[in-house]
Structures are given as C-alpha cells and as structure tokens.
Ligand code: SAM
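Just the one chain here, laid out as structure tokens, in the form predicted on its own.
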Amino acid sequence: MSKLSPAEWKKQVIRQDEIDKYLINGKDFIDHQQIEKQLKDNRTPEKQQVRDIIAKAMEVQRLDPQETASLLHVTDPQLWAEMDEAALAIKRKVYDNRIVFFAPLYCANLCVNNCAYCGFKCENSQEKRRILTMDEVRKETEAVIAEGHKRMILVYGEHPESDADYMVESIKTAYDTRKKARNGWGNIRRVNINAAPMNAAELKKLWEAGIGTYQVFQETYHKDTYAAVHPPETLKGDYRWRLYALHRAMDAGIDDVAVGALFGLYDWRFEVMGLLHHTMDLEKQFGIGPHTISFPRLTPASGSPLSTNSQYLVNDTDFLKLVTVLRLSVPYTGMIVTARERAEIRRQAILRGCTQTDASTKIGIGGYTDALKKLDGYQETSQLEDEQQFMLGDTRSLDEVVRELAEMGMITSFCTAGYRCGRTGDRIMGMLKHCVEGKFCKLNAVLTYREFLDDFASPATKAIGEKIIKQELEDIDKYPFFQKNKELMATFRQEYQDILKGERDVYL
C-alpha cells in the first residue's frame, strides 16, 4: 500500500507519454464538431433507411456513426417496435437465451477526486470514509458467495491507500475465498474491477494477479461538461488520461476491457455516439473493441445536488431507446444493466438485448456483512446510506431475480469458462461476431445453472428452474451445431451427470 500523501501521489500518477502515443496528429478520437454534424445530418431518416440499418445490425455488423445517429432520431413508434424486436433477436443470435450475473463489491470510498455527481467526492463531509482490510474483503466475498454468485466486480475510489498493490491483494483474496454451500463449496471464479485509470506498469500488476475485465467509464464524452463536473486540479480532471485508460490496459495485456458513460450529465444522444466512437477507436488501434458497454443513469447521491437536478436527466422512455440503439449499433458486444434501475426498467432493458446484470447488490463499504449482522439482530456497524456512492433502484436478492428471469423464459448463467479456456480478447470477439461463442456459453450456462439450483436456489426458484433447464436441454438436442459436434456433446452430457453427483466447477 502506498505511503505517499494524496497530493504527492497525484503528481506521479499521470504519464503524458502514455496519452500522446495514442493520439492521431495530436488529436483524440472525440471530435465534437464531427459528432454534432453526424447527429444533425441524420435527424430525419426514411423508414426504409432505418429498416436497412436494422438488417445490417441483424447480420452482426457494427453500425457506423451516421447509421447510429439515424436510429437515435427515429420518432415513428412502429419503427421503434421493430428496433426493440431486432435488439432482442440480435442478443439471442449472439448470446443465446441467457443472462450472466455478477455482484459488485465496494472495497474503499477514499477518493482524491471531487466529482460533482458522486457521493465519494473528497469534499463530501457526509461520507464516512472506510477501506476494507483483507479480512473484511474475505468476509464480504463469503457473503457474496453465499448468495450463489461466481463472478464479482471489485470497485475502488481513486486514492493512494487503494492503489494497484491494494487492488492486487484484494483480487487475490477474493479468488482465495471459499464458502460452504448446500453441496460442496462455493467460490468466485472471475474477478473484474472498476477502478481509476492507471499507468501501464500498474496495469501489468493487475493482469498478473488474474484480473478479468478492466472497467473504466468516461462518465461523459462531452469535454466542456467533463471539465465542469471534474475540477481541473484533480486526477479525474484530465479528460485524455481517462479517455485512453483502456488503450493502456490493452497494451498491458488486459484484453477484456469495458466502456461506459454516466447518462444524465449531458445529452444522451451525444453520449451514445461517444461510446460508439470509443468502440471504433479501440477496434482501430487494437483490432478488438470493448467486451461490454454500460450505461448507468445518474441517480441521487449523498452530498451531490447535481445528481438530482441535472438538466440532462434521462427519462425511462429515452433510457430504453438508448439501450436499443446500443444493442443495434454494436451487436456483438455485451451490455450491462445494473441495480441502479428499478425492477421493471431492468426487465425492459433485458428484453432489449442486455446480457449481464447484478443482484443482491450492496454498495456500502462493508455492505454485505452489515446486512447479515442486521438480519442476525446485531447493531449495524455503519450507516449504509452514508457510505454509498449512489442509490439503488432494485435491491432484490439473486434468488428472486433468477426466478423472475425463469418466469420470462430465460436461463441464468454463472459461466466463467471462456476466460479460463482462453476465449478472451480477439478470440472471443471473433467467436461472438460469428455467433459461435454463444453455443459454448449455452452449454456452460446449463452446467452453472444446475449448480445454482442444487446449491443455492429456494424451493420456488428451483421448481421453475427445473422447467427452464429441461427446455434448454431439449433445445440443445435440436441444434444442428450440437448435433454435428458429437464429442463436445458427449463431454457436456458427462459433465452434467457429474454435477448431479456433486462435482463442481466443470466447464467446456
């Protein structure tokens, strides 16, 4: 852990040469005039033009900015209905009938930044600061495992006490943690992180520690707005340092990266275009784009008036539109909708092509173990609302959300096989574009769903889950892809029987 003061630490973090190497003729890839022109020139798309764009997306081809701008300006309700239908069809074509789950674990709310919208900002006197010890990380991880999760994202503020070395230690702690389940032992098999931009040397430490996906959100791609909400004297005030965080990660060996924007800071159409241009630049410079795209909405945060009075707050109708457009615009990339959203909005987002979500989420520091103490009748050790970065819209348990998805005819996946089999980076992206990865994921979804039903599901969830898994097995038998791969199917059937007998963590 760093012994530097925050002021000393800030001076050594940003490396200008690690920004300049990615610029093209001294310019970054967000050209305001170009984006505004793309939006302006495509305000009145013709019906057939829109349908042609939908057809291109259905072929799992990324849309160009002009095509995306056209979709953003559709006003015809019938066309939106067609776009929504296509979005779900694309998701099923690429990712099959499954939703992947994860749990966030907030490790520290110490932060040197002063972002206008965030409860963690350094000037927020209402925030009770805390950083988890490794023993606390282990206990939090045990609580997450006890819900049935296999995948976790660790979240950190930007501060010398939660630097790359602390992250490495917490990643290793999460991986090493085991918790007794109904049958055998549960564990976290994939640790992703949401953290501040780092230099290449620090990123290599994370890669060597076994990091999964590295997630950095630009927050807003609009430069004037970015400057207004991120004071210039702070680390986060450097727009380009953050803009190229994922480029540095790719260079450091982290081949799974994730982009996102905080919708509500600026016009939502501009932010969608920013996410697309970010995707395009990663593809241009590295041959592959982001593994996932996230689109959280600004929600109330302690000590942040902007979080409730921004003129750009996104209503439910526009939020669901941007989800649809993103699915059509980058059809092969995963999309994450989180517990920031109310249950009904999450359902609607999933029906527009989202592939990942969280459940049983606690975002206070120490929130999972505090919740257990409350259930056990002990006095809480922290006031959770004072230690949260923002307010959640859906606090249901994993079991409840898994059951709801089953009622919608969808299977929950806890699969992490692709990462451990080397299906990452350009390899997984190629498989997604050719609609092959989803076939392996379908098999692994069934295997991990079987584990969850036997180890963690409530009787009500298991009852409907058995119907879903029966249907999935019947579908697998009918797929020409599986019928041709007899050796793969023999292995799958054996592994399914092994799970029924009590074996765990088998995958293809």
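Being a predicted model, the structure only gives us computed values, none of them experimental. Heads up: residue numbers just count along the shown sequence, starting at 1.
The same protein has a further form, the form predicted together with S-adenosylmethionine (SAM), not shown here; the description that follows concerns it.
Though S-adenosylmethionine (SAM) is absent from this view, in the model of the complex it lies within 4.5 Å of a heavy atom of just one residue from Ala339, Leu132, Ala249, Ala301, which is Ala301. Contact with S-adenosylmethionine (SAM) in the model of the complex, judged by any heavy atom within 4.5 Å, is made by just one of Asp96, Glu158, Glu271, Asp256: Glu158. Against S-adenosylmethionine (SAM) in the model of the complex, the set Arg189, Arg450 and Phe492 makes no contact: no member has a heavy atom within 4.5 Å. Of the stretches 143-151, 322-330, 281-289, 216-224, only 216-224 has residues with a heavy atom within 4.5 Å of S-adenosylmethionine (SAM) in the model of the complex. Of the heavy atoms in Arg346, none are within 4.5 Å of S-adenosylmethionine (SAM) in the model of the complex. Looking at Lys236, you'd find a heavy atom of it within 4.5 angstroms of S-adenosylmethionine (SAM) in the model of the complex. Looking at Tyr106, you'd find a heavy atom of it within 4.5 angstroms of S-adenosylmethionine (SAM) in the model of the complex.
Not displayed here, S-adenosylmethionine (SAM) is kept clear of Ile211 by more than 4.5 Å at the level of heavy atoms in the model of the complex. Contacts with S-adenosylmethionine (SAM) in the model of the complex, taken as any heavy atom within 4.5 Å, map within 98-126 to Tyr106, Tyr117, Cys118, Phe120.
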